[in-house]
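Consider the single chain below, provided in structure tokens and representing the form predicted on its own.
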Amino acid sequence: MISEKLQQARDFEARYMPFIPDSERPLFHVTGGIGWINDPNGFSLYKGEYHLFYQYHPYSIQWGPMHWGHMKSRDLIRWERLPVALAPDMSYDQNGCFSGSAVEMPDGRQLIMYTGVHRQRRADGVLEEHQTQCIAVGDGVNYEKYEGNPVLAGADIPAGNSTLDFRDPKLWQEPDGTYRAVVGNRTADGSGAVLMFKSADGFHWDFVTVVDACRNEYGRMWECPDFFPLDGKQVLIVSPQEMLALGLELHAGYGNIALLGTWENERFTREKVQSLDYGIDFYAAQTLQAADGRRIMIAWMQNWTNSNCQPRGVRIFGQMTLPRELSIRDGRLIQNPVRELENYHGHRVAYSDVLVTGETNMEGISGRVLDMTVTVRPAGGTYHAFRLNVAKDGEHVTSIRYKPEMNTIRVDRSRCGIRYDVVHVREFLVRPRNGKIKLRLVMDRNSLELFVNDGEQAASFIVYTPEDADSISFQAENGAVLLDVEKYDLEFDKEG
């Protein structure tokens, strides 16, 4: 049954969404129908199609009582908007349907597990936010909340752990048909942990183990966990809050990390920790396993610390990253754009062995909706730096600078049109190959996603430069470089 609150959200979309022209939306990145979005939810394969839900507040471009927006796709590039899936309409989720996940059940229904939030005032007057895990089941459009909700609450958490910070379940089905879920939590020392639960039917759950704990080493609360096998390793993804910087590997604030290790006898042994994305705008990553076995990840392309830095007049705020294929190479988690993007490659412009001294443009190399790869190598000597300038006009530019002596990439969007005093620069270490560095850029109007050396690092950024600022230039500092450049316009007037 569709509740009054859910119908209200659907009616609001139907009434006001037609007034927002397509020109205000990205072309191939998921965004909301109207209003605010944040974390991706329920990223899953259901009846042969990809489904993506997301945290949604349709009534304004500010965070508010969370609903679940909903889209689906056949190829992860073109998305079809579906009606709002969940609204905060029950006593246990009256203050928000927070993040969660979804899986297809053997009987053909789609099972959603999400965090329900309700606030209670203590005897001393303090208002507490209680978080419990809830279930809804549906047909890919409409969902019924389980009469036995919540299915996990404070009594199910290990003694000493927080009953208030308990959220963001990631659900999957094991080969034997049973269900597992990992949920973010906070331990007695005040820092994050990931709890695992199991279920025979998806409705009745039991605690299994603490998968891993932060111990105040990587931030505080660990949000949005994901846990999956990949290329012979087990990967735990979390989104730490209040993280301290660690060299050029981890930046301060809200971030994402991948913990690589092994999983045996219900025990995770951590072997490596790396940043998941080295940009400014990336949070709450979630993955699915495609029918062909690929592990595919998507995230919110935004940062909580700059989420109020919104251009005037916008009616939609927030978007997702391009879905990315994950793999492990040389002990690192690798990510690259899903191969389906290549089906939308249009006009191609390519150059080989171009000698660059100073700053230059190349005929046919410009644009704001593109997929471009640039390979940089020395031209017989040393050079101080190479700079790739994009989204450029006389006033605006976003620059990507590589310094071979330091093996660093520095992305600077200080002149990208954001008129707020927030972090605009991110720098990270890279590993050149035989003196070469390979940069792949995917741009979609107001976003830039950078993939270095075939996915060894990825960095995501929002840019608000006017869309007609579409010049691209190449620059060698104190020396010369040789460039190979291949650029494709991305065209969406044809089927992928």
Ligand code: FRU
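Just count from 1 along the sequence shown to find any residue number. Just so it is clear, the model here is predicted, and its values are computed rather than measured.
The same protein also has a form predicted together with the ligand, omitted here; what follows describes it.
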Location of the ligand contact in the model of the complex, chosen stretch of 458-466, 59-67, 443-451, 427-435 [non-hydrogen atom, 4.5 Å]: 59-67
Sole residue of V390, I112, A299, C224 within 4.5 Å of the ligand in the model of the complex, by heavy atom: C224
Among the candidates Y179, Y344, Y143, Y283, the residue which, in the model of the complex, approaches the ligand to within 4.5 Å (heavy atoms): Y283
Joint contact, D39, S99 and W304 to the ligand in the model of the complex, by non-hydrogen atom at 4.5 Å: yes
Close approach of Q55 to the ligand in the model of the complex, 4.5 Å, heavy atom: yes
Touches the ligand in the model of the complex: R167 (any heavy atom, 4.5 Å): yes
